[in-house]
Every structure is written in structure tokens, then in C-alpha cells.
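One chain is shown next in C-alpha cells, namely the form predicted alone.
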Amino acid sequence: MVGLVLLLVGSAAALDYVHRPDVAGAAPGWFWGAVVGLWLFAWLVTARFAAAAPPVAFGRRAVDLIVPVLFGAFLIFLWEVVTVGAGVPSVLMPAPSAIGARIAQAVPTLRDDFVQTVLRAVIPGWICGSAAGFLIAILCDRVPFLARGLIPIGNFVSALPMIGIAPIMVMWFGFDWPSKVAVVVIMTFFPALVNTVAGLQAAGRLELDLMRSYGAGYLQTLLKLRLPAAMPFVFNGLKINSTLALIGAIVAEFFGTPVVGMGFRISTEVGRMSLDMVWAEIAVAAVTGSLFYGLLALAERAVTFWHPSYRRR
């Protein structure tokens, strides 16, 4: 803890120094040497935390949280001191403080973009695509020739360039959110299908023979053995789709949308050389994607708590 306090004090002092008007853009050489020393010290502190093994569960969870937070915070610190101390032009790389200020100023715009992209396109598309993939996978499991026909097509569709599909969907469904939902459905359907089909085939032969010896039918075997065994694969597909859906919706907005949305904002603000607003949209998208993925990981842990990957050594 002493090392962590010293690291925080040193980082705060460096940030205060580099933002002085006579230092910003012309930081002296000794300052960069001090930053390198601070980086080595942060490496040592983070490594000590990562190697710690607290005996209680609360301590282990705290260490699991501190290490990534400390790592990410120091990367942002380095980003700030380098861009401010070296005077990097904001059109090339704005400082995190400038991005934070822009986020605070543009809250209404970011809120409207979030509603348009995430709530009207990503979430409906992710639900429809993932649910359709899951249900079709169960149908494929019951009708084997469907699996032999659809899986190769899924691999083919996964290789299609999104920048080619998105304008077609815009032509078919218009400029508003339905075309973005269609793009997200296409991107999320086949990962859910392929992972669910693989999961349904993961049940062990011994367990299947045991269910058969009990006289269990297809539906009983599916509900009590094969679907529970498939859950790790299903959640793997859902987590993959959480990132694909966000990427697909943002990319689709590049090809036509009402004057709102993350993709629209990024494309227009790049043209205006307003990189701080572009990074503000990227930050909102990154936080949204991370929270989405984290919620799915928590749900996966609650559903598949029995899986060997969750056992502690």
C-alpha cells in the first residue's frame, strides 16, 4: 500500500508540473527521465499486487480489481503527460483531459447518439440475431442435414466484408435504425449458431448413455443434459456478439443515418478535424461495450458456476 500511495503522489506531482504554462509543450529532459522512473516503479507496484494471494475472498476480489484499474490508469497518465509535455497537436492526439472536458460539454449529444446506436440498433439486433442463431441451432441439432448445410454458409457469411453489406441493408431498410438492426442481426446470427451447435455436441458419451438407460427422450435429454452442457459455448457466442453488434451498428451508420448516432458523429467530426469529439464517442462506445461484456460474463458465471474453469486452485 505504501508503494501505491507513493505512486499516486508521484503521478499527481507529474501531472501538476506538466500542465504549468511554461512547461506544457516544452517539458525538460529530466522530466522525461522522471516519467520513465515512475513507469518502472508503477511496473513494480502492479507486479506486487498481481502476485499477491490474499487468504480471504474479499481480498482476492480487491486484487483482481486493483491490478487492471492500476494498469489502465497509468496508461492514461502516460498518455496525458506525453501529449501535454511534448505539445502533441490535438488534431493528431488530444490529451485525455481534453477528451474528458469535451465529454462533459457534449453530454446531450452523446446521450442522443447512445440512444440511437445502442438502444435502437445494438440491443434489438443483438437479441434478434443471437436468439435466431440459438433457435436455429436447436433445429439443426434435430435435423442434421440443416447443420451440414448452414454451417458452411455461416463461415462464408462471416467472411463477407461489412462495408459491402451495410450499404445494401441501407438500400433495403432505409436510413433509420431498421437497417442497422439488420446489419447487427447478420453479424450476430452465425456466431450464435456455430457456438450453440458446437455446445450441443459437447455432452459426454457416458452421460448420454446414462440418460438413454433412464429412458429419457430427446426433449428430456436436451433440457436436462445437452443445453446445460452447451451453456459455456452459448455464452461464448453471446460475448463475441456483444462486440460484433456494437462494431456493426457503428460501421453501418457510416453509410447513411439520420443526423444522430455514434457512427454518424465520428464520420462528421473527423471531417471537421474535431478529434476530441471523435475520441469522446470512442470512449462512450468502449465503456458501453465493456459494460455489456461484463454483464454477460457475470451472467455466464451465475449460469455455468459448475464449470471447471471457475474452480480455484
Partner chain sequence: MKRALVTLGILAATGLGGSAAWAQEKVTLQLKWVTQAQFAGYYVAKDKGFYKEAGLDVTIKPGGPDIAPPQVLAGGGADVIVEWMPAALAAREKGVPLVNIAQPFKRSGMMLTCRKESGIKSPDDFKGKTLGVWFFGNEYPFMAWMARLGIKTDGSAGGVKVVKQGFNVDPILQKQAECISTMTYNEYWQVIDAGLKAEDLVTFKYADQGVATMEDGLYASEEKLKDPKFVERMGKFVKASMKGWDWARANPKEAAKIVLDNDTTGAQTEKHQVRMMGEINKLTEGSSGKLDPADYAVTVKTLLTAGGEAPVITKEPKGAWTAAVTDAAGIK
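Owing to the predicted nature of the structure, the values given are computational and were not obtained by experimental measurement. Numbering follows the first chain given and starts at 1.
The form predicted in complex with the partner chain exists for this protein as well; it is not shown, and the discussion that follows is about that form.
- Of the residues given (270, 66, 34, 44), 270 alone sits with a heavy atom within 4.5 Å of the partner chain in the predicted complex.
- Just one of 27, 244, 285, 275 comes within 4.5 Å of the partner chain in the predicted complex, counting any heavy atom, and that one is 275.
- Shown alone, this chain has one stretch from 141-149, 116-124, 164-172, 231-239 that lies within 4.5 Å of the partner chain in the predicted complex by heavy atoms: 164-172.
- At a distance threshold of 4.5 angstroms between non-hydrogen atoms, residue 254 is in contact with the partner chain in the predicted complex.
- Residue contact with the partner chain in the predicted complex: residue 264 places a heavy atom within 4.5 Å of it.
- Contact check for residue 153: no non-hydrogen atom falls within 4.5 Å of the partner chain in the predicted complex.
- Contact check for residue 259: a heavy atom falls within 4.5 Å of the partner chain in the predicted complex.
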